[in-house]
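Only one chain is included here, represented as structure tokens and corresponding to the form predicted on its own.
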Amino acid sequence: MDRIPILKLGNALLVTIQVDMHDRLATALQEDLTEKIVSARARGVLIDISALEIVDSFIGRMLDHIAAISRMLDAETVVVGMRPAVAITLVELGLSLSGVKTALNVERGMELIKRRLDETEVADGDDDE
């Protein structure tokens, strides 16, 4: 079965979806990403969906689940590169992805993750006093 590569960039993981997602691939991504967050001790997950032209309700729910699982494992999820048609489809399906942060591109997404990591480090530093 095909797998979507997951790359480690510092404290974050980068997932670039370059193929049409189907249910089995989305489920495998969720499982692989969950394992990688733990093994890499990742604090951020950036998912680039710029190559996705369409999504269905299952893929939308999987993005939401990935974000929820990541939060439970103390990692921020940012979805980048969402096409207008994908955003419209998700809203029409009633999937607002409330737990998912979005950014226009990878650069802005990484800035969001870095800002979150910086805020967390400052908060953790305050506890040590």
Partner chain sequence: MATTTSDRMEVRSSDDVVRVRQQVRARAVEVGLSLVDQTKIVTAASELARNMLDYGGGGVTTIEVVSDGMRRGLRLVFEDTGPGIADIELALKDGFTSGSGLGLGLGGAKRLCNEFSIDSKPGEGTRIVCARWK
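Just so it is clear, the model here is predicted, and its values are computed rather than measured. Residue numbers count along the first chain shown, from 1.
There is another form of the same protein, the form predicted in complex with the partner chain; it is not shown, and what comes next is about it.
Task: Distance check, L93 to the partner chain in the predicted complex, heavy atom within 4.5 Å - done: Answer yes; at least one heavy atom of L93 falls within 4.5 Å of the partner chain in the predicted complex.
Open item on the list: How about E53 - does it come within 4.5 Å of the partner chain in the predicted complex, if we only consider non-hydrogen atoms?
Closed with: Output for E53 is yes: heavy atoms within 4.5 Å of the partner chain.
Task: Contact flag, S57 vs the partner chain in the predicted complex, heavy atom cut 4.5 Å - done: Output for S57 is yes: heavy atoms within 4.5 Å of the partner chain.
- [ ] Spell out, yes or no, whether the shortest heavy atom distance between D23 and the partner chain in the predicted complex is within 4.5 Å.
- [x] The answer is yes: D23 has a heavy atom within 4.5 Å of the partner chain.
- [ ] Just give me the single entry in A40, I69, A28, A85 that has a non-hydrogen atom within 4.5 angstroms of the partner chain in the predicted complex.
- [x] Contact check passes for A85.
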